[in-house]
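Next up: just one chain, as structure tokens, the form predicted on its own.
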């Protein structure tokens, strides 16, 4: 019964929170409007969701977000140093292929988004067979270490979160 009205409850909750934060108002009207928007969006977009991915370990999301936010802070500092103190011709910018162990489309999208949102890296393309992501790195000395870091810090955690 609940799935008929609210096909994606976690998405709906996220939409209500984002709606409320965007309006910066915790009034009953804002919250009710956010609930209406969340129900409408999840109901009308549910036909476009390819599978019913389940979150296996919700507590792992907190650990994932902590690692991700910490990496954003560190990456911002590293990119600022590169921009301020190193000339462009000394950057070791390159494309790196990251092989994937995750198979669900949601996990692949989450990983690609995480890579793109971390300063200094950008997800450029996902292979047609969904087995690798091409990542552009602003400055990387050891591409193998970068791949290992992405797989250990992000992909492994996403495998534990999403089925």
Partner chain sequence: MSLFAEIVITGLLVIGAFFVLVGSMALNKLPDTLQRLHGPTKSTTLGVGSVLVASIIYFNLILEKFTIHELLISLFLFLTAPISAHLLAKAYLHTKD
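Numbering follows the first chain given and starts at 1. What you see is a predicted model; the values in this text were computed from it and never measured. Superpose the two forms; the largest set of C-alphas matching within 1.5 Å is the rigid core.
The next section is about a form of this same protein that is not shown, the form predicted in complex with its partner chain.
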Single option in 55, 32, 62, 113 placed near its partner chain in the model of the complex, where near means a heavy atom within 4.5 Å:
113
Is it the case that residue 26, even though its partner is missing from this view, gets within 4.5 Å of its partner chain in the model of the complex, heavy atoms only?
yes
So in the model of the complex, does residue 121 come within 4.5 Å of its partner chain, heavy atom to heavy atom?
yes
Considering non-hydrogen atoms and a 4.5 Å limit, does its partner chain approach residue 39 in the model of the complex?
no
Even though its partner chain is not shown here, does residue 102 get within 4.5 Å of it in the model of the complex, heavy atoms only?
no
Going by heavy atoms, what in 91-115 lies within 4.5 angstroms of its partner chain in the model of the complex?
91, 93, 95, 113
Under a superposition restricted to the rigid core, does residue 15 display a Cα displacement of 2 angstroms or more between the shown form and the other one?
yes
Quick check: residue 27 between the shown form and the other one - does its CA shift reach 2 Å or more after fitting the rigid core?
yes
